[in-house]
Ligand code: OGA
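In the form predicted alone, a lone chain appears below as structure tokens.
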Amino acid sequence: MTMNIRPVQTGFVGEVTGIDICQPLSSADVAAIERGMDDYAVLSFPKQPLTDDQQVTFSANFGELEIPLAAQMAAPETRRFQKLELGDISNFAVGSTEVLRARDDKKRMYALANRLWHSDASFRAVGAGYTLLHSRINPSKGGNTEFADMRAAYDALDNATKALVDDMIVEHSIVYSREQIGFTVEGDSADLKPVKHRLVVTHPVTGRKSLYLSSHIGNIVGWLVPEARAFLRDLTEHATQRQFVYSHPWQVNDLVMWDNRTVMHRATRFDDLREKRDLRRTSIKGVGLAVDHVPVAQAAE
């Protein structure tokens, strides 16, 4: 088979065929996928019946796997997977694949913030690079994942706004995103402390600029909080206009891979109290983002 990537709808999403990612990849295959990620930012791999171990093995081709904050904070007996690198993106109650989470389940309420536009792990000093999501069970309606092209969104800004945001430093925290849905995060204060990132980042391979936006942003350094949040809301509305957005309709065994440096994403609503949705997530730790991170000491100068 020969690997092929065809553009899907918007031009920043590619569909990959002609490769079996359940099997070990050659270095040439890995390099071709990475070139595809640079060219597009989101790649979908349809009809890939990966096991959990195969997903972890495939993901590890692209860097060190990240352990999600939710997995770190959860007690061992409440984790669905003991392999911490594997994220549980489902609506199952603890210890079951038949019983769904109750309306007031804390895990459900925490996960509802995934419906906000965000970039994975941007609340860490070095955010996630690639994220990979594999579908096992889908609801009959809804539950798509939407992606917004932050490169195109930056390009479409007027020159005055580009000049304003180019050197802007913003603060990210998991607390900010959960506050927006009225949920209070409890945990180690060190994990919840805001971190500072540039709002505009430059891709280390393509040189293209993009907005590093996320619902985890709660403030702009040097701004009053109300004016900062009003400006960030305007910017997010601009960046998520329909011409910048692709909505992925999940099919069983789809794997979708995206670059958190260049796109935001969100889950869309479905009847999670009655229908099952089961996806598995792996993330690559900080591919390229350390270059764009601004240490707290530097930002305070």
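Start at 1 with the first residue shown and count on from there. Keep in mind it's a predicted model, so treat the numbers as computed, not measured.
There is another form of this protein, the form predicted together with the named molecule, and it is not shown here; the text below is about that form.
- Contact check for 89, 133 and 281: all three have a heavy atom within 4.5 Å of the named molecule in the predicted complex.
- In the predicted complex, the named molecule lies within 4.5 Å of some heavy atom of residue 120.
- Using a 4.5 Å cutoff between non-hydrogen atoms, residue 144 counts as a contact of the named molecule in the predicted complex.
- Shown alone here, residue 114 lies within 4.5 Å of the named molecule in the predicted complex, counting heavy atoms only.
- In the predicted complex, none of the heavy atoms of residue 50 sits within 4.5 Å of a heavy atom of the named molecule.
- The single contact residue among 256, 267, 37, 245, judged by any heavy atom lying within 4.5 Å of the named molecule in the predicted complex, is 267.
- Listed stretches are 271 to 279, 22 to 30, 236 to 244, 41 to 49; the contact stretch with the named molecule in the predicted complex is 271 to 279, by a heavy atom cutoff of 4.5 Å.
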